[in-house]
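Presented below, as structure tokens, is a lone chain in the form predicted on its own.
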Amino acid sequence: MNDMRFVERQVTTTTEIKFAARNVNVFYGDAQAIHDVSVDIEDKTVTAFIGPSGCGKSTFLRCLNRMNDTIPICRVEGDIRLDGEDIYDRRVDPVQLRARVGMVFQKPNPFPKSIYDNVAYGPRIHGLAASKAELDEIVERALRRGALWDEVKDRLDAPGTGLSGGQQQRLCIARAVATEPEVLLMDEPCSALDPIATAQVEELIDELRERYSVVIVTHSMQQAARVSQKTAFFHLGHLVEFGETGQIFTNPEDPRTESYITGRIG
């Protein structure tokens, strides 16, 4: 029996670390938003960031693809590595980094273009297709991964903005995976969706984890419990606790985590 437990432990330690963050601090001007956060994010795993509004979870998420670079007063300190490479190294092109680390935002934001052109946009600017036939293949593959192909294959020329909210969000997911990223960041991807569309996106997230490392910020603890394998609890800019989702929700180590999960803080 002891041998069996040892084997199980051995198996669980083989998961590849995709992102390694150490001692990350984020400032907006003089105000500090993130305090000394260190975390390892595993490949082919859904990691949920939970915590009250304004606790720093979205700010930290945006550090992972350097979206905070677009905010002039924002300063990021510490070490964040993707497959061992320092993503804040001056030689790293943020545009190329964002091809590797895709992002889906809170509100569906399709471009004012056709469904086809929404998905083809990234592969075009990154030169991923040598011909129209190759681009067609990429678009179909991405729409299939976004669980949208069967619904839109006969109207690829129709505007993406004409889709329903849930379809628009799946289009944005298809657009994000079209550049073959390694990581998919999702900032409250279901907060603007109805329950049926939310269920579809959650099912999709579960499928995407077979191919990508997925990091999701969510205000819904139920959603975090349903879709993630690892959960990080943020509070007042600090990473309070990080671990297996089941353990965080049923047997948290920090009293602040327990207070949040039971609704006493939030």
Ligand SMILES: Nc1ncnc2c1ncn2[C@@H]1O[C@H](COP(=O)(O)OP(=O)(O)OP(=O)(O)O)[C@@H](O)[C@H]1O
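Residue numbers run from 1 along the displayed sequence. Computed from a prediction, not measured in an experiment: that's the story for all the values here.
Heads up, the form predicted together with the named molecule isn't pictured, but that's what we're talking about next.
- Of the candidates L239, L64, C55, I216, C55 is the one whose heavy atoms come within 4.5 Å of the named molecule in the predicted bound form; the others do not.
- The listed set A158, A192, I125, I71 contains one residue whose heavy atoms approach the named molecule in the predicted bound form to within 4.5 Å, identified as I71.
- Of the heavy atoms in T231, none are within 4.5 Å of the named molecule in the predicted bound form.
- Within 4.5 Å of some heavy atom of the named molecule in the predicted bound form lies at least one heavy atom of A33.
- Among residues of the shown chain, E188 is one whose heavy atoms approach the named molecule to within 4.5 Å in the predicted bound form.
- In the predicted bound form, at least one heavy atom of Q106 sits within 4.5 Å of the named molecule.
- The chain is drawn here without the named molecule; in the predicted bound form, the stretch among 56-64, 222-230, 196-204, 38-46 whose residues come within 4.5 Å of it by any heavy atom is 56-64.
- Shown here without the named molecule, the chain has no residue in 110-149 lying with a heavy atom within 4.5 Å of that partner in the predicted bound form.
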